[in-house]
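The chain below stands alone and is given as C-alpha cells, in the form predicted on its own.
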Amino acid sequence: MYNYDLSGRNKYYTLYSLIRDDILRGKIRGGERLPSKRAFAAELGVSVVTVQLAYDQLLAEGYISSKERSGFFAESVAEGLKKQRPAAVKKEETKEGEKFIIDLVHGNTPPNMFPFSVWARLIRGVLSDVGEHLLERVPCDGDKQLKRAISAYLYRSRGIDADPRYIVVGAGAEHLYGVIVQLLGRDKIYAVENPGYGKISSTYALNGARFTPVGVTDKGIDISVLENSGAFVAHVSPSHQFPTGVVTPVSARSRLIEWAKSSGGYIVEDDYDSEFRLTGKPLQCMCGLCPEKVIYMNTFSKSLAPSMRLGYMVLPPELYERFLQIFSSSANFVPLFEQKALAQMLDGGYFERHINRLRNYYRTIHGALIKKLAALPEKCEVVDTGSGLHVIAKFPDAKSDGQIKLLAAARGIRIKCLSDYLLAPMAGVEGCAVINYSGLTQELLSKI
C-alpha cells in the first residue's frame, strides 16, 4: 500500500519524513487511518519499534492522532501550511549502473577483525550464569555491572575518574542526543561544529531543539563565534573532529570550559573514536578538566560494530539527578544480556586486547593508504593528525569537489568531500576529500 524506500541508515526518521510529506501533499488525506504498527512493520520489512518511533514523532508534531482501540489517523493540514512546506532534499544520485568497489564513506570494521569467538563465549556465559535475572527490568540508566565496568575502563584508558552512578547507558549516540535535549531543554540553542556529522544536528532538530552551526578552525570549534551565538550547549569532538580531523589543543579546551562556566551552559564532549589514536597516548578529556560542566559520551560503534546500538555518557551530578526525575519510570532500551556480556568483555580485558589488535591493524592500513595517496597521478596533500580512522586528502589542482568525486568513481571508489558535511556555507573547504579507511582491507587497497 505504501511504497516507501527505507534503505537509509535512519529508518524511523526516513519513515516519519515520508508519511509527513504525504500528509502535507494531501496524498494521505485527513481522517485516513494508517496501518497498525505491526502490519506496517511487516509490510515495510522493518521492526515494530521503527514504526513506533515514526508514529511517536508524528503524534508529537500533530500530523496524526491516536484513538484508543481504533488506531492512528492522519490529521487535516491547512492549505497555508501546505504552501509553506519546504522542498524535499534530493538524495545523492548515482549514475545508472555505477558500482563502487571501495566505499570510503561508510566504513565498517572488517568482519575478520570482530572478536566473534570471544563474544559468543561471553553471551553463552551470561545466559548460563545470569539465567532468570535476564528477564528482569533493566534500570533506566543501565545495568550496574556494566556501569562499573565502563567506569573502570575509562580510568584505565582515558584517565577519567567517573563515578559509576553518573554513567547512563543508552541505545547508541542518536538516542543519547535525544536524552540530552530532554535534560537541557528544547528551548535552548545547541551549537554544533561546521562542517560536522549531520546526524548530530538532525537528531537535535528531530527532538525539537534549535541548533546553530559554528565553524571549525585549526583549533577546533570557533570559540569567538560560539561566545556570540547565544548557544547554551556546545557539542564538540575535541580529540578528533569529524570530518576535518582537527585536534583541539589544551588552550582552546580551557577557553571552551571558561565559556561554559561564564554562560552557565554545558559542553557535550563527543569522544566517538578516541580509542584509535595511532601515535602517542590519547589526549586528556575535557570531562576530567571540568566534570560539572562537561557531558562525556562515547559509543561502541567504531570499536565493535555500528549494529551494536550501545553507547554511554557521563553526566554531571546535577544532570544525573534530573535524568532520574525524567526517566525513572522508563525502561532501558539496551537488552540486559548484551549489557552483561559487554561488562564481562570490559572486566576480563578482552575489549582492550581487541582494541590493541585493531590499532595494530589500522596502523598497517593507514601506512599503506598514505603510500597509495602519495602515488596518485593527481597532486595530493594528506592532512593527518594520527587520530581517528579518517584522513583529509587535499587536491589543490582539482577544478571542483565534483571532479574529485568523479575521478574517484572512475576508479570504483566512493568518497565524500568536506563540502558534503557543511551545515552552513563556509569558505576554505574546497578540494578536500574525506578518506574514511575503517572498512579497508589489504585486498581492497590493492585495487586502488
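The term rigid core refers to the most C-alpha atoms you can superpose between the two forms while keeping them within 1.5 Å. None of these values were measured; they are calculated from a predicted model. Numbers follow the displayed sequence, beginning with 1.
Not pictured, yet referred to below: the form predicted in complex with a further copy of the same chain.
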Residue contact check: residue 155 to a further copy of the same chain in the model of the complex, 4.5 Å heavy atom | no
Counting only non-hydrogen atoms and a 4.5 angstroms cut-off, does residue 292 reach a further copy of the same chain in the model of the complex?
-> no
Heavy atoms within 4.5 Å of a further copy of the same chain in the model of the complex: does residue 123 have any?
-> yes
Would residue 175 sit within 4.5 Å of a further copy of the same chain in the model of the complex, counting heavy atoms only?
-> yes
Of the residues 325, 76, 251, 360, which one places a heavy atom within 4.5 Å of a further copy of the same chain in the model of the complex?
-> 325
Among the candidates 71, 348, 208, 164, the residue which, in the model of the complex, approaches a further copy of the same chain to within 4.5 Å (heavy atoms) = 208
Note: a further copy of the same chain not shown here; in the model of the complex, the stretch from 360-368, 213-221, 327-335, 236-244 having heavy atoms within 4.5 Å of it is 327-335
Triplet 231, 264 and 426 all within 4.5 Å of a further copy of the same chain in the model of the complex via a heavy atom | no
Could you list which residues of 364-380 come within 4.5 Å of a further copy of the same chain in the model of the complex, counting heavy atoms only?
-> none
By the 2 angstroms cut-off, has the C-alpha of residue 38 moved between this form and the one not shown once the rigid core is superposed?
-> yes
Indicate whether residue 16 shows a C-alpha shift of 2 Å or more between this form and the one not shown, with the rigid core used for the fit.
-> yes
Direction of Cα pair change residue 54-residue 179 in the model of the complex, magnitude 3 angstroms or more = farther
Against the shown form, C-alpha atoms of residue 53 and residue 202 in the model of the complex: closer or farther, for a change of 3 Å or more?
-> closer
